[in-house]
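Quick setup: one chain, the form predicted on its own, written in structure tokens, and binding and motion questions come after.
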Amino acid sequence: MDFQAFRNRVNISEEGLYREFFRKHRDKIKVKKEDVAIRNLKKIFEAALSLSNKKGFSAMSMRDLSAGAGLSMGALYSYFSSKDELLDMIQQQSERIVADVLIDQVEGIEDPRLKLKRAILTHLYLSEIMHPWFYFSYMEAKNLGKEVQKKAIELALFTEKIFFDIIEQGEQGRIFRDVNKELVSAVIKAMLQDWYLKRWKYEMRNISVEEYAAFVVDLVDSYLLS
């Protein structure tokens, strides 16, 4: 499955992300016209992600965000009550999408090798589609409140647990050799994070997400089968 096939399969678009976000947080957002809310959420998110990457979320003020989004302070407060709430909302949205898509994409696959390959491809391709969200979520996790930070850690462990369970299934079926499953799962996660945290390295070397995905899959597969 190449990147374009994955994009068509999961059907994630920018508008779809903001529409889903609006419906998920409808009780907190005071703007009731969906199309207006989606347009403004896009402006707010793009400004927040851009400013965060430049100066850090903690250093960004509400006035910075207001100017970046081209919206008044009053308009901003129609969507969230504070900067911390915005951070929490962005974090929750990205966490939920990763969990839902990963589970959906591996469900029903019996062959552990194919299942692990699909999980790795899904995570990488999803991080390519949602790169600013993934980068933001990782870099700003330190600024989250304790409860939200705990959820972010749980999501990281949740994705590692998906890899762990697949490897365990492969071991039990005598397809994979006996390995330290926790360590292998953690290393897989680290390789996936390297793609969206240091993507400049791969752009500089003209390595596409499909080439990187094939390399990670081959590396992990070779280790588990050797």
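Computed from a prediction, not measured in an experiment: that's the story for all the values here. The first residue of the shown sequence is 1; numbering continues from there.
Although it is not shown, the form predicted together with another copy of the chain is what the next lines describe.
Exercise for the section: Counting only non-hydrogen atoms, choose the one of 23 to 31, 40 to 48, 191 to 199, 167 to 175 that falls within 4.5 Å of another copy of the chain in the predicted complex. Expected result: Among the listed stretches, the partner-contacting one is 191 to 199.
Problem - D64 within 4.5 Å of another copy of the chain in the predicted complex, heavy atoms - result: D64: no contact with another copy of the chain in the predicted complex.
Practice task
Tell me, yes or no, whether E15 is in contact with another copy of the chain in the predicted complex, where a contact means a heavy atom of each within 4.5 Å.
Solution key: Because no heavy atom of E15 falls inside 4.5 Å of another copy of the chain in the predicted complex, the answer is no.
Problem - Non-hydrogen atom contact E211 with another copy of the chain in the predicted complex at 4.5 angstroms - result: Yes, E211 sits close enough to another copy of the chain in the predicted complex that at least one of its heavy atoms falls within 4.5 Å.
Problem - Close approach of G70 to another copy of the chain in the predicted complex, 4.5 Å, heavy atom - result: Contact check for G70: no, nothing within 4.5 Å of another copy of the chain in the predicted complex.
Practice task
Enumerate the residues of 16 to 40 that have a non-hydrogen atom within 4.5 Å of another copy of the chain in the predicted complex, in sequence order, or give none.
Solution key: Going through 16 to 40 in order - heavy atoms within 4.5 Å of another copy of the chain in the predicted complex - there are no hits.
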